[in-house]
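Below sits a lone chain in structure tokens, taken as the form predicted on its own.
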Amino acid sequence: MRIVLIGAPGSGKGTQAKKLVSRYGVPQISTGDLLRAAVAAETPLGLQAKAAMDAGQLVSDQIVLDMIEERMAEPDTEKGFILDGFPRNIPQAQALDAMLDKLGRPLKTAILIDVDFDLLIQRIAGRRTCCSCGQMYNIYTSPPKMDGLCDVCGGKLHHRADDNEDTITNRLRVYEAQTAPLINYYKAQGKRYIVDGTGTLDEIFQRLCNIIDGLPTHESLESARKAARFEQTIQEMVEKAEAKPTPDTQTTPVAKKETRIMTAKKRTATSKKAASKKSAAKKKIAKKTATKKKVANKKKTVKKKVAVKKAVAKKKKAAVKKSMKKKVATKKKTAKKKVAKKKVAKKKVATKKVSPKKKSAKKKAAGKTPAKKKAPVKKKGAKKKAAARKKR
């Protein structure tokens, strides 16, 4: 797996490269990271790059290629690599091909992540990068859970000063003028693939994986090479035999015709074998891709069913909660009404117990003043009796 990711700034090359690294176990080779690491480590190439940058010049393509060649010497690149950010123009691509051919590790494919320019402006303007681990976010499409903080390590998110609309449009113009011709360059080599860069990160990643998984394997390529070599050796043997004819073939023209017919038959047989092997390898690859697509479709359907079930369960829960709230509210209202009825009944009972006569007596008693005490009658009668006795 030796691929180059091509795309405009903000197309998601870096993010998708990291996801590909975790899936396929091959390193991501970013020229920007290589330059920064070499300058920080003060390697000979890093010192040359630093001198060019200090002088206000661009780092030469040869320095970048030498850094990539040094990185290719490390053991983790044996299975393959993902180039991100290089090449950016046709001369760089030609120099890269020459260097990789010298190492015996040519590129397998170049994948273009195609995104509309209006969407790219929105992506870059909303881009945020973690200062600690380098994880990338977008406040519009894939924001972090906490504003300004990385979900992975909790580091602070950084907004680059050049991620504004003016600089973005200038960078896109440069890309269209210099990097876009690379698409036709790799198309002429039969290595170019195009991926739709719109949608979620997982959807774009799945499209990339479908292309990479559908590429011819090392075994199929090796078998095709062996068949080609075998055919070439047979052809060379036939040419040598025709160049040095035997005495019989020199004298008899019929024998010459027979040998030519035999060689032609051998050539057709070998070419048929090679074609059958190639077709068998293509069929295997097509079956693998078809099975993978089926598995992916099944997963999607399962996810959709689960999402529908969850939505239905949520609606049911919400409906149950509403009905419970209504029941509680109705119970409270009925309880209040009962209490009010009891109060009214008590008042009626109290008013019935007090009779109207008693009420009027009470009112009179409340309105009268206390009466004066009368002299006892008995004493007056006694005085009269006493006077009558005296007269006698």
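Quick note: we count residues from 1 along the sequence shown, nothing fancier. Superpose the two forms; the largest set of C-alphas matching within 1.5 Å is the rigid core. Here the structure is a predicted model, which is why all the values come from computation and not from measurement.
Not on display, but discussed next: the form predicted in complex with a small molecule.
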| property | result |
| --- | --- |
| Single option in 137, 86, 186, 81 placed near the small molecule in the model of the complex, where near means a heavy atom within 4.5 Å | 86 |
| Contacting member of 345, 53, 324, 41, with respect to the small molecule in the model of the complex [4.5 Å, heavy atom] | 53 |
| 31, 36 and 92 all contacting the small molecule in the model of the complex, non-hydrogen atom within 4.5 Å | yes |
| Partner proximity in the model of the complex: residue 334 to the small molecule, non-hydrogen atom cutoff 4.5 Å | no |
| Residue 171: touches the small molecule in the model of the complex, heavy atom cutoff 4.5 angstroms | yes |
| 4.5 Å heavy atom contact, residue 298 and the small molecule in the model of the complex | no |
| Interface membership of residue 350, the small molecule in the model of the complex, 4.5 Å heavy atom rule | no |
| Large Cα shift (2 Å or above) at residue 46 between the shown form and the other one, core-fitted | yes |
| Core-superposed C-alpha of residue 35 shifting 2 Å or more between the shown form and the other one | yes |
| Rigid-core frame, C-alpha of residue 59, shift of 2 angstroms or more between the shown form and the other one | yes |
| In the model of the complex, whether the C-alpha atoms of residue 102 and residue 45 sit closer or farther than here (change of 3 Å or more) | farther |
| CA-CA separation of residue 59 and residue 114, closer or farther in the model of the complex than in the form shown [shift of 3 angstroms or more] | closer |
